[in-house]
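So here's one chain in two forms, each on its own in structure tokens, numbered structure 1 and structure 2.
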Structure 1
């Protein structure tokens, strides 16, 4: 035991300890003499950051600033489908316009290419979001001829389901249900066309509904026949067949 206590320290350990000591001393000296104290002062950083941000050129004015001069437009937008959209989303940063309205005019979208940034058909958008095919929907005609920008409710409620359900319509168009009207399976109240998220259309709730066309006694000559008592057992038809593309699964 005595020999272990008085055994010489390996030279590698001595060198490593010396290196750590020199490094720690160097860090201490640099922090104490080379780094400005302002770099380490939190209150100084907070104060200087606030001053810097306050002195930045003002780009956006905010919705409240628009209300002071454009009360009618703001009120109309608040009651329309664009109520959650900031004014500067379409008109651009309004900071300079608020400072001098006569000298700085805001951008006002007039052409189709701006509205379609949000309303061109895109399958990733939520169901029910108004979407169009720009090549087919009133081609070459400016959107503002039919829609008020601040309350873009169409002049007539869309009669075709495809106006909101474009993805479903395109899927159904290449299926065996292409010639089948949406109302053959769904009952859509008029209120659904105005408030689609609050009033939902009906959906078939049992196997017998599909059996009207596909059951053994159906009068539909071209519809595939199945024995409802044996086919699919207790499962609902749409648990295996997607209704808008029934041959897809």
Structure 2
């Protein structure tokens, strides 16, 4: 058998190599001559992108821009419950307004449908976030009739825990603990309803707490008894039973 080297190259290979060579040189030609060299330059890319972004019209003025002319509102908001919101969250992009306040007026969300974007009841919002049911909460009247938009407070301190802990209240209402008041388990000072994050209610700390009603010496007639020493061993009761919806079966 003849060795591989001395065999004539099959026709297919020549033709294919030719076709590929044509294609490849085409690509290299285009790359070398037909496209702007700046395309191949990374630095240029980054620079031109930065330039392009920097040249965009600025539509927002930023959080500090309003102080100069609207000190009252800025101060009011800084101390109120909306202190974490930027002015432009509600008033929209103010870039033009800052340059010429009389020419471009800003919009103020005076109707109900804006506030509910953040305040409508939604179970995924964190515990304690002030929420209302828009259909039930003083319907038809604009929110700002009763709440100052820059420093909103409830016009009167809520009486029910449910105003802020709606989900827990609703959960408890269908549980076997429905008859228990929140205050049966939480010592909630009145100040908690005014400044909820500063003054916190107590929470049960130990097994004996639940044992008051569920232990053998309990005076609570309807509460099912368990042997505190053996039941659930050394774990806290609420590691197994959700206190606002306890299940025992």
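Please read all numbers here as calculations on a predicted model, not as lab measurements. Residue numbers count along the first chain shown, from 1. Whichever C-alpha set is largest while still superposing within 1.5 Å between the two forms counts as the rigid core.
| query | Looking at both copies of this chain, which one is the form predicted alone? | reply | The form predicted alone is shown as structure 1.
| query | For residue 31, is the C-alpha shift between the two structures 2 Å or more after core superposition? | reply | Result for residue 31: yes, a 2 Å-plus shift.
| task | Determine whether the C-alpha of residue 60 shifts by 2 Å or more between the two structures once the rigid core is superposed. | result | It does not, since the residue 60 C-alpha is displaced less than 2 Å between the two structures after the core fit.
| query | Does the distance between the two CA positions of residue 43 reach 2 Å or more between the two structures, the core being superposed? | reply | It does shift by 2 Å or more.
| request: On a rigid core superposition, how far has the CA of residue 13 moved between the two structures, in Å, if you could check? | output: Value for residue 13 between the two structures: 13.0 Å of C-alpha shift.
| task | Taking the rigid core as fixed, quantify in angstrom how much the C-alpha of residue 241 shifts between the two structures. | result | Comparing the two forms, residue 241 shifts 3.8 Å at C-alpha.
| After superposition on the rigid core, what is the displacement of the C-alpha atom of residue 178 between the two structures, in Å? | Displacement of the C-alpha, rigid core superposed: 4.0 Å.
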